[in-house]
Ligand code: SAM
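One chain comes next, on its own, written out as structure tokens in the form predicted on its own.
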Amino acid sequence: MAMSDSAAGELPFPTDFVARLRDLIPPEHLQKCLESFWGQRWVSFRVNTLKVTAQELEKELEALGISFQRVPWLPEAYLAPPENRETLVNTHAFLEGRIYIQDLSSMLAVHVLDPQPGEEILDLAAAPGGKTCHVAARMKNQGRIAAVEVIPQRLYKLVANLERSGVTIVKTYLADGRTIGKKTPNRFDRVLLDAPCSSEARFDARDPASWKHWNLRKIAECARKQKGLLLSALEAVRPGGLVLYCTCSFAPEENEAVVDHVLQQAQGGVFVEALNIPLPNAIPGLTKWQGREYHPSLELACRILPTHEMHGFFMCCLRKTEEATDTYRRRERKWSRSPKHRPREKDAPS
């Protein structure tokens, strides 16, 4: 079913989705949010500092006559007008991995994770690899990243992106992320979990395929998987370590409700760490939704509202306490290496 809206014209999305969106977005942000589903977004990309400096890249793009501007809050990020997308994807800079075209929300996640050279990082749902490559660049190819993906075809894309970007510190694993925490407990300094979700923030009013499969049942199915993935992430991170949970969904069932569930399971072994995102389209997480109350610390999470520069996003930082013990129970599954390599007998990172 379609629904008309005076602020943004006729929105072809399901009526339930639009109604929920109206309840979730503060009134002062609603019009811009609705309009963002129609307009062409600016092209966002980042310099791959493993291959080139920002100054060298800027000279290369200027020589090609490509207009761009730097993003003030993220030094490696740039914006270009929508009409420049086709030109950018055909440049040697893109084809040879000196730039990576990526949504600003995705770059923000790595900025918040703040990986450091020499650390051991887990990317629990890594494909197609944009964030994994960004993490490696922030680490200056020093340390170790374990990148997990459950779908073989997506893992091939991950491996290709890693190779094109010059990343050398990543080992890829074909596995269900829900099994990893039990196999590698208390190991990683930081864990990035950009969880598979209903992708509501990626809806495009001009592309019916983007919302074709949306329904409330799919949201519930995603939430079940997300809970298992987040519990696994918290098992895998070392005491004192950080887990960043994020999705590109607006649905509280996939965001605050998932974190609330995990906080209850962790029994004080985890706490929400405050996010300070100085962007005008950043708002606090929800502490209640449709009659259900969430842990009050969920207000410290962050919802990024969509604009013509970036998609909507949800982020929550979870810190594992030094005294935490792992009490989660999960079914054992074999964790094998990427098809790019021959499987080993060992089922955990080396």
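Just so it is clear, the structure is predicted and the values come from calculations on it, not from any experiment. So that there is no doubt, residue numbering starts at 1 and follows the sequence shown.
What follows is about the form predicted together with S-adenosylmethionine, which we do not show.
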**Prompt:** Which of these stretches, 85-93, 68-76, 252-260, 172-180, has heavy atoms within 4.5 Å of S-adenosylmethionine in the predicted bound form?
**Reply:** 172-180
**Item:** Proximity to S-adenosylmethionine in the predicted bound form, single hit among D194, E200, D103, E235 (heavy atom within 4.5 Å)
**Value:** D194
**Request:** Taking 4.5 Å between heavy atoms as the contact cutoff, choose which of I145, I99, A126, L230 touches S-adenosylmethionine in the predicted bound form.
**Result:** A126
**Message:** Taking S-adenosylmethionine as it sits in the predicted bound form, is R138 in contact with it (heavy atom to heavy atom, 4.5 Å or less)?
**Reply:** no
**Request:** Give a yes or no for I151: in the predicted bound form, does one of its heavy atoms lie within 4.5 Å of a heavy atom belonging to S-adenosylmethionine?
**Result:** yes
**Contact of R190 with S-adenosylmethionine in the predicted bound form (heavy atom, 4.5 Å)** = no
**Prompt:** With a 4.5 Å heavy atom cut-off, would you call K225 a contact of S-adenosylmethionine in the predicted bound form?
**Reply:** yes
